[in-house]
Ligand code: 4NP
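One chain is shown next in structure tokens, namely the form predicted on its own.
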């Protein structure tokens, strides 16, 4: 399984999801490929936001090795599942992907659970540090739902 998480700049939401999912996969002894990207090029090459690193570290996850990159159309072929953190990101991904867009493998991240279908993960960039804690909880819950959906204990 290859999973890609996509947000705007790839320094807040998607690296948190990347770190959580890698952590969950390691705990479950899964050899899944996990990555993250952003639709914009504002932060290419930068490490995740300091608050994203903090909240992950407080939860036993180190994301300091990650670096921001831009979502590109070839990601559509490389990954089995691609999750957009928000509706605006999903719209931008469609433009970037163009003819490579695959409706069956690309979806809004919070659509993984019925009660959050159609909702976006709030961008913590614009708020206080506590927003990163809230976002972490939302992302962790959705990552657990993804793991449950695609991991079979065969």
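Numbering follows the first chain given and starts at 1. The shown structure was predicted, so the numbers you read here are calculated from the model rather than taken from an experiment.
The same protein has a further form, the form predicted in complex with the named molecule, not shown here; the description that follows concerns it.
The stretch that touches the named molecule in the predicted bound form, counting heavy atoms within 4.5 Å, is 122-130, out of 53-61, 122-130, 90-98, 109-117.
A residue is said to contact a partner when one of its heavy atoms sits within 4.5 Å of a partner heavy atom; residue 17 fails this definition for the named molecule in the predicted bound form, lying far away. Contact between residue 21 and the named molecule in the predicted bound form is not found at the 4.5 Å heavy atom cutoff.
Using a 4.5 angstroms threshold between heavy atoms, residue 143 stays clear of the named molecule in the predicted bound form. Although the partner is absent from this view, residue 147 stays clear of the named molecule in the predicted bound form, with no non-hydrogen atom inside 4.5 angstroms. Taking a 4.5 Å heavy atom cutoff to the named molecule in the predicted bound form, the contacting residues in 1-20 are 7, 8, 9, 10, 11, 12, 13.
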